[in-house]
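As a starting point, one isolated chain is supplied in structure tokens, in the form predicted alone.
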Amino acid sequence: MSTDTPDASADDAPTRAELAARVDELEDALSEATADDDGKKMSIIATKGTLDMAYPPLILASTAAAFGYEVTVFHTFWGLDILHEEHSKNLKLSSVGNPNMPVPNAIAALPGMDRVTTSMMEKKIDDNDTATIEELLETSLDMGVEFQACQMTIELMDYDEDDFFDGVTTGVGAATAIQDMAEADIQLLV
């Protein structure tokens, strides 16, 4: 059974060059159509600046970036300390009210206990060869993660924009963060 139609002549068939040109044209059109939507987007809001709460947004951001997500992390209030070069080196682990602490709250509330539990956690991080906050930030920045520092919080905490790690975007407001979340496939509040 022939697929040729009786009305079509051999002279009307496209040449190889014409077919190749048409394929190129279609590939270009497809490329342009998908250029605006070439990946998924994740938006994370980081609001806490304790040692144990600094890791989740950084690990999630770097992992998502490794999987090809466009990632933005908006840091506000105490979460801003994660991006602050000096403060990020001194993040503490709160003993009181932390249900996973191996000590009761009455003991956790004693003076110096936060320092003890922070030292224990820092030792555990070091012993397990876990990346530091600075290493995770640098890795994430190298992978294209955009870290944003809330302008209102910068002013509220009387920080200087030069206090933050190189590559951190400053001067970002809530409206920008909301727009970013609205466009994201995944939105997380940490």
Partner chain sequence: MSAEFDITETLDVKGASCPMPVVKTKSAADELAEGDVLEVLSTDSGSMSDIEGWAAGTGGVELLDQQADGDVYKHYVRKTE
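In this text the structure is predicted, and so the values were computed from the model without any measurement. Numbering follows the first chain given and starts at 1.
Not on display, but discussed next: the form predicted in complex with the partner chain.
A heavy atom within 4.5 Å of the partner chain in the predicted bound form is found for one listed residue only; from 53, 136, 45, 154, this is 136. Checked against the partner chain in the predicted bound form, the residues 161, 129, 158, 27 give one hit for a heavy atom within 4.5 Å, which is 129.
Comparing 63 to 71, 145 to 153, 45 to 53, 161 to 169 against the partner chain in the predicted bound form, the single stretch with non-hydrogen atoms within 4.5 angstroms of it is 63 to 71. In the predicted bound form, at least one heavy atom of residue 40 sits within 4.5 Å of a heavy atom of the partner chain. Among residues of the shown chain, residue 121 is not one whose heavy atoms approach the partner chain to within 4.5 Å in the predicted bound form.
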